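Single chain ahead, by itself, as structure tokens, in the form predicted on its own.
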Amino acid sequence: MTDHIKILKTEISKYLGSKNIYFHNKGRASLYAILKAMGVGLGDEVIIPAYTCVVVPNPIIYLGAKPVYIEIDKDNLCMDLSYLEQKINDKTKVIICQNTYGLSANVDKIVEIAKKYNLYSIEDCTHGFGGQYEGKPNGTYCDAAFYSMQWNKPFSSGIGGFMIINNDNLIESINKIEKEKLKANLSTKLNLKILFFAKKCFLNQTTYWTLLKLYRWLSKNNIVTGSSSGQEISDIKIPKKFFMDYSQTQAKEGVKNIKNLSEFLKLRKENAVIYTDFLKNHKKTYVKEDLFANHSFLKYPIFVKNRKRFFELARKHKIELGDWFNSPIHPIQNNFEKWGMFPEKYPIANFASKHVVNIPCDTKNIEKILSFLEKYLNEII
């Protein structure tokens, strides 16, 4: 029988140059394993950006530690380094930096600060696989990195995640933790096959918004295997099947999709240039050209005046918009204190979460999106 996991590992190695690759059912499980191997536990603190997904603080909390949020830089939507060192204390154990929308920013400086204080560093590359920072692959700067293979990530295996370990001192602990993984059961594999079939046969511009809404509802209510289960976005207790292994079913889909990654990376960059020129010419907020070298443009963020109205317009015109991040810890909308988050403390992150929408960069129908943006220029900041 074909070992699709082995093939996928080989394909990923071509981008990262690493053989220390470990697969999990989701990227958040990879983060959990990394943190556990680093000895993160009760009373420890882990620094993360205040503009992220709730599945990042969740593993920190599952291990008894505390997420410490850092305000973001308005120009790159990544961690603002001017706040970093003042948040470090004797409880700090790890710093996590994030490739926001595919952009890596100040990774070398973050690693330098981590080493200065004898801390571990982790790259959140869930948006950034295939991209680079200062000529090196995303994920190769820090002690470890984790990646996502969810539906809308750089390449997809439906759901799934993996990590790479760059600090050899962590390998022994990682290997022990890997033995704790639960095996993917038959129902999970069958569930995924049905989702693959539905995506291939039914997902298009006409059905996008309807199917997206349906998928998120099914995922939230644990009816299908989705990006986030209901418990992950309503509670801070670790779900029963959280630390789960990756399957051959997922890997087979991943192998198929990673073969198109180089083509899509090129297309994303080309479209990003077009978006930037358009927004710049119309005196709107745009991604600065000096960030392009370190940006893989999984999504292109634009700022709009009224997020809800803009999504309604996109649905009307069958434009596929993304909603990352609709809160400082997406997709949480209330009870932020459970996660130790108080949005009012992070005005830039809070503003971004209320005004940023994502336009697709891997589209071959960019003229339709540009026509839409031009029609509603007054809605864009």
Ligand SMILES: Cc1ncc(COP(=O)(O)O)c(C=O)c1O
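One-based numbering along the sequence shown. Computed from a predicted structure; not experimentally measured.
The same protein also exists as the form predicted in complex with this ligand; that form is not shown, yet it is the one meant from here on.
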Next item on the list: Although this ligand is absent from this view, report whether residue 248 comes within 4.5 Å of it in the predicted complex, heavy atoms only.
Entry: no
Next item on the list: Flag residue 55 as yes or no: does it have a non-hydrogen atom within 4.5 angstroms of any non-hydrogen atom of this ligand in the predicted complex?
Entry: yes
Next item on the list: Although this ligand is absent from this view, report whether residue 325 comes within 4.5 Å of it in the predicted complex, heavy atoms only.
Entry: yes
Notebook entry, point to check: Does at least one non-hydrogen atom of residue 98 fall within 4.5 angstroms of this ligand in the predicted complex?
Noted result: yes
Notebook entry, point to check: If you check 131, 154, 160, 139 against this ligand in the predicted complex, which one has a heavy atom within 4.5 Å?
Noted result: 160
Next item on the list: Pick the stretch from 338-346, 62-70, 26-34, 310-318 whose residues have a heavy atom within 4.5 Å of this ligand in the predicted complex.
Entry: 26-34
Next item on the list: Within 4.5 Å of this ligand in the predicted complex, which residues of 108-126 have a heavy atom? Give them in sequence order, or say none.
Entry: 124, 126
